[in-house]
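The chain that follows stands alone, in the form predicted alone, written as structure tokens.
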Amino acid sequence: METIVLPHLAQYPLQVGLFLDVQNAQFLRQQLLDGNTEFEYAFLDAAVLLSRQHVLAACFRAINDMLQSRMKSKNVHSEIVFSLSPNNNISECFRRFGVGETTTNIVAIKVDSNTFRIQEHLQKHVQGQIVPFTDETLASLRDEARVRKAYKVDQAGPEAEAFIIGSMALKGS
């Protein structure tokens, strides 16, 4: 687990964990669908994430939308998932970027300062191996075809990152 503090948002620290070979994605997804507040996290499918910057841009957008009362979803964690999408179709963004029943690699994000409690909860409930949240690890997990389809780009590597983050930033403006 890693604590990340975004510039200008020090009062909203992020607790981030990257889990590999997750065996209970279906359970985690069901907790979100049931509205279980103990599982109020942004669970992202790591296969469609380009980099740390990509993920943190979505977090920044979601927290900023929360502070400006512009959220389109029910909480800041679902807003993080929604912020990854280049369009405004909420159900499509959860299907493309959120945890699915067959997701095996998950980035879990919680906007909260209680590192110990969050780490303990995730380690208890996510059946997977926690690894460092690095660009290299994300690149090794990326499904280039899914990224190209989600963002309608020709390449899904670092060269597309500026375009993708820009499309996320411009959505709804």
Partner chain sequence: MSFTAIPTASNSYELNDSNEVQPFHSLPPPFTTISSPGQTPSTKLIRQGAEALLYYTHFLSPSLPCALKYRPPKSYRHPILDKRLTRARILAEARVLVRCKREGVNVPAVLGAGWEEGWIAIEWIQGSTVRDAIFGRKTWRQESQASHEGGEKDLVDWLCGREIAPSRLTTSNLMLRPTGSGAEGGEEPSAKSAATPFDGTITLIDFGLAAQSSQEEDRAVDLYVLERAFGSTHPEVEHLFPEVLKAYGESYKGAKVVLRRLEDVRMRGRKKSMIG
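From a predicted model like this one, the values you see are computed outputs, not experimental measurements. Positions refer to the first chain, counted from 1.
If you look for the form predicted together with the partner chain, you will not find it shown, but the lines that follow are about it.
- In the model of the complex, the partner chain stays beyond 4.5 Å of every heavy atom belonging to residue 25.
- The partner chain is not drawn, but in the model of the complex it has no heavy atom within 4.5 Å of residue 21.
- Heavy atoms of residue 70 reach within 4.5 Å of the partner chain in the model of the complex, making it an interface residue.
- A residue is said to contact a partner when one of its heavy atoms sits within 4.5 Å of a partner heavy atom; residue 165 meets this definition for the partner chain in the model of the complex.
- Of the candidate stretches 39-47, 125-133, 54-62, 104-112, only 54-62 has residues whose heavy atoms lie within 4.5 Å of the partner chain in the model of the complex.
- Contact check for 7, 152 and 169: all three have a heavy atom within 4.5 Å of the partner chain in the model of the complex.
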